[in-house]
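Listed next as structure tokens is one chain, alone, in the form predicted alone.
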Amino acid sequence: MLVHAGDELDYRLEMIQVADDTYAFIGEKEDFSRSNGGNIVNTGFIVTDTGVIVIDTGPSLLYGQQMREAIGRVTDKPIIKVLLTHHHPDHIFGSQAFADTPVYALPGTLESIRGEAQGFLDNLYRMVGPWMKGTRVMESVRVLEIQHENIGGHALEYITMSGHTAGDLMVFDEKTGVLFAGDLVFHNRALTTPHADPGDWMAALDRLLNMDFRILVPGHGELSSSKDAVEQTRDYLLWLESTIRDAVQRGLDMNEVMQIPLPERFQALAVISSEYPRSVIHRFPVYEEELLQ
């Protein structure tokens, strides 16, 4: 729950213990708004014998600060590494609060941050207002170049994928079986597609279906102890792309595609009424250009 009383802003972050040494903060299944302060994302951290590994930092400096305070209530171990799963604004702008810690991202993520982060930040200031006070683009992000690392008794696998964006990092802890999947997986929330490459995304989801994890932390929505969240994301992505492609081939215009009835199995997805039209706007021109060529 968020609190906004006068100048007092508080995300009231509540953590869930996912497994031994492993915690997650679960955001609202909503669009950005002043009422949620941009807290629509799942973030997390792993407490190792050496120190704390943070996965994603939330939408604002304030979120990062309050995330750091919450971590301090669990352990007095130092925060030794921050990992950004991709470049979307709800995942990266809390990184300022970890300026004393190395922050890592994939090369594609770093390139996208350099090209798009300032525009994202300007939009967030407009959408969530005072929650963004003092938030800036953090420039000192390092390239993650390793695929495996043993830290304080935890064997971590850094899985390089793409599809939701040009660089999608998944973090798998072999000790606990917890997989932080970033926005490659949405659970009971409609996925977003501004930078989607559906072929790469489907390949990533197929790989996920063959992975042996115990708990999956999606980028948005509830935790999952099965492959259901992966299958749901895959099912919706496949329907979305085939529906838009078919509509373009049949000569429908963009507004007509937006009026196509949603299958019953997708109607309960959070924010589907706003995300489906956005996806049509993102993907319709791609298939229109493909048809013209």
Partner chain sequence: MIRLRQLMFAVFFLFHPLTLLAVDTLVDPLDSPAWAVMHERILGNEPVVFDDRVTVMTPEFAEDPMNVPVSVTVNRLEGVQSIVIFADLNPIQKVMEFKPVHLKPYIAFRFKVEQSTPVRAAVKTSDGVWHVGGRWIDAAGGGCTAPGAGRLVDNWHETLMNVTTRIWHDSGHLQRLRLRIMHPMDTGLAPGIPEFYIEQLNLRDDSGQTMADIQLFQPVSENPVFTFEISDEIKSKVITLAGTDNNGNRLDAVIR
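Positions refer to the first chain, counted from 1. Model, not experiment: these values are computed from the prediction.
One more form of this protein should be noted, the form predicted in complex with the partner chain, which is absent from this view; the next part is about it.
At a distance of at most 4.5 angstroms from the partner chain in the predicted complex, none of the three residues Tyr104, Gly108 and Ile146 contributes a non-hydrogen atom. With the partner omitted from this view, the residue of Ile55, Leu237, Val248, Val230 that lies near the partner chain in the predicted complex is Val248 [heavy atom within 4.5 Å]. A single residue from the set Ile260, Val47, Ala70, Leu252 has any heavy atom within 4.5 angstroms of the partner chain in the predicted complex; that residue is Leu252.
Using a 4.5 Å cutoff between non-hydrogen atoms, Ile281 counts as a contact of the partner chain in the predicted complex.
Although the partner is absent here, Lys133 lies well away from the partner chain in the predicted complex, with no heavy atom inside 4.5 Å. A residue is said to contact a partner when one of its heavy atoms sits within 4.5 Å of a partner heavy atom; Arg126 meets this definition for the partner chain in the predicted complex. Annotated contact segment (heavy atom within 4.5 Å of the partner chain in the predicted complex): 252 to 260, selected among 220 to 228, 55 to 63, 25 to 33, 252 to 260. No residues of 220 to 237 lie near the partner chain in the predicted complex, the criterion being any heavy atom within 4.5 Å.
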